[in-house]
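Below, in structure tokens: the form predicted on its own, a single chain.
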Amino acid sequence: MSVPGTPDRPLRVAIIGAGPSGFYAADALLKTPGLAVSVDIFDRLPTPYGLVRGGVAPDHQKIKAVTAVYEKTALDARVRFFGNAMLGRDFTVDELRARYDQIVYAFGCESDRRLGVPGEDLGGSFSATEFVGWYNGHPDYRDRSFDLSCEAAVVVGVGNVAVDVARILAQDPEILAKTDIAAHAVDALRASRVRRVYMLGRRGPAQAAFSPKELEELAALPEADVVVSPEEARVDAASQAALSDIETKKNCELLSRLAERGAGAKRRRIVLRLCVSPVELLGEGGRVRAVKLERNALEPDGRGGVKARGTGAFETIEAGLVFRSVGYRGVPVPGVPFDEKSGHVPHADGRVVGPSGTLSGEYVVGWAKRGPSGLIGTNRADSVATVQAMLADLKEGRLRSGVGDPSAESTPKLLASKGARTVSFSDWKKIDALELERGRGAGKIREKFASVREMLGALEPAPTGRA
């Protein structure tokens, strides 16, 4: 009997999720010396690249250039892409187990963490995930509606996603119009009356999670000033040790300079508040009208860091929009173990762990593995580590038994039998070319198809005559 990983019986691997972590896992497998491998990458959307396409801000085109690396992987003869193929809808984990030696879950974190405060479900209160998906033309959020007729918006959080949201709200729409931002978002932003954007961080400047580069970019907006009070920009005694980190120190220095700069005179203002926590969203007529804040004091947490403690001093900020950006969270996927407390797939060194122990032949990478942390490139080392576990299991004979049909034809036959309309990588390249062409016609980088129906429709042959 042929051994998996040999030329006459390649190792069959299914990767569920075509984002960065999925592609990095595929790349690591392809580069393994002496390994004969066949990799099938699945994604529930017709398009690959995950958060690089649907999450990276449209004015960050240099970051999106990483897709050239992923495309090289996808074009390898040992790799197939099955877009518009969703686990739990078009196929099951058991059906994967019958066809693949190893399964890698790379589906990320598709939900968000909540604030857990009264009024959070009022109209005008959203997750940053919704807004980011909306302006990026993600099919899940195409039909969201954001009332930008208010004067002030609040972004809860001080990470890079929070900065993206604040920057898009305060950026000149004509600058955005030349990028790959969704057309519906540009139209709404052109009509926006938002003039003040508040960013709220529960701890101090040394704990802000944005990068210095993101902060510098925010401070350089042509139509908005970034305002920080000198008191809130000051590093407290308990946080002094954190300044040994180069990026933290640079953040604090930048914030201090912004505090010295004062309010400025540009037509929009981004007010960065630190050591405050939202305790209630106040409403009127079912919609947000203000955010009640509690001021915090910082104290040692006993682990070398600091924690925020409410002081009982409150204030209120009037605002008609609130975006929470306090972290992403995974969602349960049918047939895949899920830890409700942590919000990701339980694992031991990348090996998926179920109620009865480690699941042979099943692995996890990226945010689904470790939770939402790090930048896009962080996923490479994470995926490589999981692939090392996969290779160790292959070498030591710890593959799952019961792979009934490892042939290349078995998966397309299965999906066809389910009536799935899958999208190949060559199909995606057709969509890609059409989006670029639409963009050129509109004077921008790309005009995305913002619904699955539009994407699939673009692949249908044009009618040849009149019926």
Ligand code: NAP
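Heads up: residue numbers just count along the shown sequence, starting at 1. Being a predicted model, the structure only gives us computed values, none of them experimental.
Below, we turn to the form predicted in complex with the named molecule, even though it does not appear here.
- Distance criterion of 4.5 Å from any heavy atom to the named molecule in the predicted complex singles out 164 from the list 382, 164, 180, 101.
- Comment: the named molecule is not present in this chain, but in the predicted complex one of 252, 326, 168, 275 has a heavy atom within 4.5 Å of it, namely 326.
- Contact check for residue 351: no non-hydrogen atom falls within 4.5 Å of the named molecule in the predicted complex.
- Not displayed here, the named molecule is kept clear of residue 84 by more than 4.5 Å at the level of heavy atoms in the predicted complex.
- For the chain shown alone, residue 159 is a contact residue for the named molecule in the predicted complex, at least one non-hydrogen atom being within 4.5 angstroms.
- Interface residue remark: residue 69 is not counted as part of the site for the named molecule in the predicted complex, having no heavy atom within 4.5 Å.
- Screening 318-326, 382-390, 171-179, 189-197 for residues having heavy atoms within 4.5 Å of the named molecule in the predicted complex returns a single hit, 318-326.
- Within 4.5 Å of the named molecule in the predicted complex, a heavy atom is found for not a single one of 52, 145 and 451.
- Taking a 4.5 Å heavy atom cutoff to the named molecule in the predicted complex, none of the residues in 124-154 make contact.
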